[in-house]
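One chain is shown next in structure tokens, namely the form predicted alone.
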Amino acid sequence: MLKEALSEIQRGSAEIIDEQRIEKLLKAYFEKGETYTVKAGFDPTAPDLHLGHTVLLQKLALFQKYGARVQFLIGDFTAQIGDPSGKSATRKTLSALDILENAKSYKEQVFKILDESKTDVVFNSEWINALGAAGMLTLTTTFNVARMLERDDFDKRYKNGTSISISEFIYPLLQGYDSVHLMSDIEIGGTDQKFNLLMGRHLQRAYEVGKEQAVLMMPILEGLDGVHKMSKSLGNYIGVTEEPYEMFGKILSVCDELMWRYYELLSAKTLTDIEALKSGVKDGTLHPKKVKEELALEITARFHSSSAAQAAKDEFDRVHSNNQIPTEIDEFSSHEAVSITKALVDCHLTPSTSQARRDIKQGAVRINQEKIDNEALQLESGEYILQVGKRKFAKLKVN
């Protein structure tokens, strides 16, 4: 059992620091029933999570299966500074109201994956506010500027003469202090968080809490393009609050190679089960699309329900296999003739008229299931089914 647990915990990880400590904690759980704590911090910088965020949540849920109590830390204080990791410029600060609203949204979403009975949701403003000026000064004495500048993003910005605020130096110290206050046994995060994660170990030593947390780093999940980090700003994301049909369709759109990456980092299937699927695809007994559908069903069901996932698949098959219109689409109206580019924007099918023109040039736009290539087309009185790509539909009535 211990060997299996370690194998599942190692699965998909990019790097583990002090793996022996993790093994010792697991052994104590299996032999004595002793629990331990695993911390992961999330700064509520946006209201919704996407599948990239859930890579960590899946790993936290796995630790819960093997005896851990999860410390789901919402960085409501540190979000006011902004994590400088990987940034080439100082980040804009968020308002307290935005942070509170985003934090509320996070709490509603994470328990689609985590076991609420084994999770402590904590806010770091609680102990950082209590730290006070004297405590903050003491914290700053635990690390020097020369070592801070060893951090890759700080080093590049310093050499380029790009501004680095003092608050950005404070950020990793505060994240590390979270581990001091919580006395975390393990902390997990993305590979871009390595400096901050190691700070937790350093400060646990400096404050003599009697332990040094192990660190597990997960790779950054690629978005739908298979190249860049999943990001809302890049438009290559799958949001956990998206409608079942949209979520199912987006997962099916990933390339076959990326599918296995998603299986490894997102699926609850065991490594043995995934290897069996790979073998089936390789020897031709399983079609890649069928395997991808299985993944899409699993993930869609996780954030909605099994019935909603199956309904999404049935609708997807109906629309794409039989070239039909979805049963439910948003309806819009216009009281005057409107250009096709403006109509696509008004119906929320494209973000801008320039993107609409690009979609038309690429042959991605259809009206009443007929492909169009005229960017200057005017829609006169009548009803139109507008379509962009394979999944975006809207009904427009022009009076």
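Keep in mind that this is a model prediction, so the values were computed, not measured. For every residue, the number given is its place in the sequence shown, counted from 1. Here the rigid core means the biggest group of C-alpha atoms that line up within 1.5 Å when the two forms are laid on top of each other.
The same protein also exists as the form predicted together with the RNA; that form is not shown, yet it is the one meant from here on.
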Among K232, K112, R205, H320, which has at least one heavy atom within 4.5 Å of the RNA in the predicted bound form?
H320
Of these, G189, G249, G223, P172, which has a heavy atom no more than 4.5 Å from the RNA in the predicted bound form?
G249
Taking the shortest heavy atom distance, is R11 within 4.5 Å of the RNA in the predicted bound form?
no
Do K289 and the RNA come within 4.5 Å of each other in the predicted bound form, heavy atoms counted?
yes
I'd like to know if R391 sits close to the RNA in the predicted bound form, meaning any non-hydrogen atom pair within 4.5 angstroms.
yes
Close approach of A364 to the RNA in the predicted bound form, 4.5 Å, heavy atom:
yes
For the three residues V254, F316 and T353, verify that every one has a non-hydrogen atom within 4.5 Å of the RNA in the predicted bound form; reply yes or no.
yes
Given that the partner is absent here, state which listed stretch (133 to 141, 281 to 289, 266 to 274, 192 to 200) has heavy atoms within 4.5 Å of the RNA in the predicted bound form.
281 to 289
Cα of E19 displaced 2 Å or more between the shown form and the other one, core superposed?
no
Tell me whether R69 is among the residues that move between the shown form and the other one (Cα shift of 2 angstroms or more, core superposed).
no
Does Q10 show a Cα shift reaching 2 Å between the shown form and the other one after rigid-core superposition?
no
